[in-house]
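Encoded as structure tokens, the following chain is the form predicted alone, with no partner shown.
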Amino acid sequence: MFDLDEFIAYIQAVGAAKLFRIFWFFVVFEFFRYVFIDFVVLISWRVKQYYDKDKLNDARAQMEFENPLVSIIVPGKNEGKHLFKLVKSLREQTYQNFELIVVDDGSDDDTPTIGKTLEKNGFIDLFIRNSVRGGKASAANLALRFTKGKFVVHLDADCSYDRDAIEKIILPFYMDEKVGAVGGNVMVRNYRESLVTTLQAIEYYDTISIGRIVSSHLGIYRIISGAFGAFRKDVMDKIEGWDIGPGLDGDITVKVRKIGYDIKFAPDSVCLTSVPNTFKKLSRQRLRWDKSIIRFRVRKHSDVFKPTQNFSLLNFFSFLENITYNIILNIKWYVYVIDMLFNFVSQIKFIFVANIFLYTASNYLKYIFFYPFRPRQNAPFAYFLPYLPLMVFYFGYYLRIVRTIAYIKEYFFKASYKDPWNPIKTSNKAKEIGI
């Protein structure tokens, strides 16, 4: 049995020095990086926003004067049931100078009939069908060949978008000519559906969105979501589009950075998506996502760490931060657990409870203090509060275990090349040419 009085007495008796020795992982890595540093950077970002008001107005005026054509591309398989809702969402956009290109990647449902009907009635500018599935990268590259716009916006068919989403994702290109790509802010639409969707909503809302504001402000933003991202067409031509995935979202972001362009995050350009509604489905998704870190960061783009003529300090730090906090500290956590089991085994129940308390307090602190920095709220403030203690187990145990499995599978067995998310023929070709 756990005795609360005994626990409080233990904390009081340990002393500050020993408390730091026991909870060093939380203090040094978790709290310092994800609470203190993020909060300082968010304040800096907000101050910069204030001083950039005139620059933003000038950029908006320039964009409105130029009124550039935007090519919206939607590659996918069996997305027919989502196409009408997507078209309706886009027709309500404040920015209307766009062409819509949909690529059906070997669907075996009624997508061809729906797509051709929408094209015939003028809702889709160009509908292309691949009779044989080539994979999402192949479908996106096919769409890219037909684009006429100055900017290319890549969307997922099953998402919906705020009315000003297209306008706001294009605006950063007019703030700085060095910007080559912009990521939209993806939020969870089905957050009420199940416990697992609620936990993901908090993750997207509190960790992913805030994390991307911070990394974008620091110049180390590293991944544009495939659900909603914008690219300069001339930049896409230079990098020759997407390489075969899974993990193509992070890969193309790195490709843009490596040829000297900046990547920005547009927090007020909002896309709503439906996330996996069971832990089984979520595990499959995250195994795919996490394998891409090894495949693209550790292997394919390892030259970022080498002092070549294309070396960039920001790219170096972007990769270093990503690998440190996702791979190295993942290993370090197991070292911490072993350290506690070997050196403090008699106190382990107190250490476990104290860690739960510390991480829960940290989650509430972040949720409350970061609230003013979130440009868009997709749920009432109080809705997520009861679920925050569960995020300790979601982040600290569930996602960590999934991540570990993904790293082992990819590092030792190159499992991403066998992922059914991508056709085996294209994965084999990618493995053959080393991409």
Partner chain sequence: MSKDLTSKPLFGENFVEHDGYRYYIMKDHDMVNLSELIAYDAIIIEGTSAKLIEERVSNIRKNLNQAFFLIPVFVLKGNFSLPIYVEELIDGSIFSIDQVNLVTPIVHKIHLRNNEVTINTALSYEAQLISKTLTYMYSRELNQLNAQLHPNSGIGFTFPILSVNFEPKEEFRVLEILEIAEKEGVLISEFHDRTHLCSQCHTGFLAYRECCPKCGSANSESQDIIHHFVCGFVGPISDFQNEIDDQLNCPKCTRTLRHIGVDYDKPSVLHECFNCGHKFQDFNVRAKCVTCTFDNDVQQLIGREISNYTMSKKGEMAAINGFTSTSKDIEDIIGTVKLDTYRTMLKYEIERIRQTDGKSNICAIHIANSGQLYSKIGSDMQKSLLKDMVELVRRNIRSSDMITFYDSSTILLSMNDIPLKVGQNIISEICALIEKLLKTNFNDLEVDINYNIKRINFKLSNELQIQQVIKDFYPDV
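Because the structure is a prediction, the values reported are computed rather than measured. Numbering follows the first chain given and starts at 1.
Only in words, not in the display: the form predicted together with its partner chain, which the text now covers.
Trainee: Kindly indicate whether Ile73, His82 and Leu171 are, all three, within 4.5 angstroms of its partner chain in the model of the complex, using heavy atoms.
Mentor: No: no residue has a heavy atom within 4.5 Å of the partner.
Trainee: Based on heavy atom distances of 4.5 Å or less, which listed stretch (161 to 169, 214 to 222, 353 to 361, 122 to 130) is in contact with its partner chain in the model of the complex?
Mentor: That would be 122 to 130.
Trainee: So which of Ile208, Leu142, Leu282, Val179 gets a non-hydrogen atom within 4.5 Å of its partner chain in the model of the complex?
Mentor: After the contact test, the surviving option is Leu142.
Trainee: Pick from Ile202, Val153, Ala137, Ala266: which has a non-hydrogen atom within 4.5 Å of its partner chain in the model of the complex?
Mentor: By the 4.5 Å criterion, the partner-contacting residue is Ala137.
Trainee: Lys425 versus its partner chain, in the model of the complex: is there a non-hydrogen atom within 4.5 Å?
Mentor: The answer is yes: Lys425 has a heavy atom within 4.5 Å of its partner chain.
Trainee: In the model of the complex, does Asp108 come within 4.5 Å of its partner chain, counting heavy atoms only?
Mentor: Asp108: no, not in contact with its partner chain in the model of the complex.
Trainee: Would you check, heavy atoms only and a 4.5 Å threshold, whether Trp242 touches its partner chain in the model of the complex?
Mentor: Judged by the heavy-atom cut-off of 4.5 Å, Trp242 is in contact with its partner chain in the model of the complex.
Trainee: My question is simply whether Lys116 lines the interface with its partner chain in the model of the complex - judged by any non-hydrogen atom within 4.5 Å.
Mentor: Answer yes; at least one heavy atom of Lys116 falls within 4.5 Å of its partner chain in the model of the complex.
Trainee: Are there residues in 52 to 70 with a heavy atom within 4.5 Å of its partner chain in the model of the complex, and which are they, in order?
Mentor: Residues within 4.5 Å: none in this stretch.
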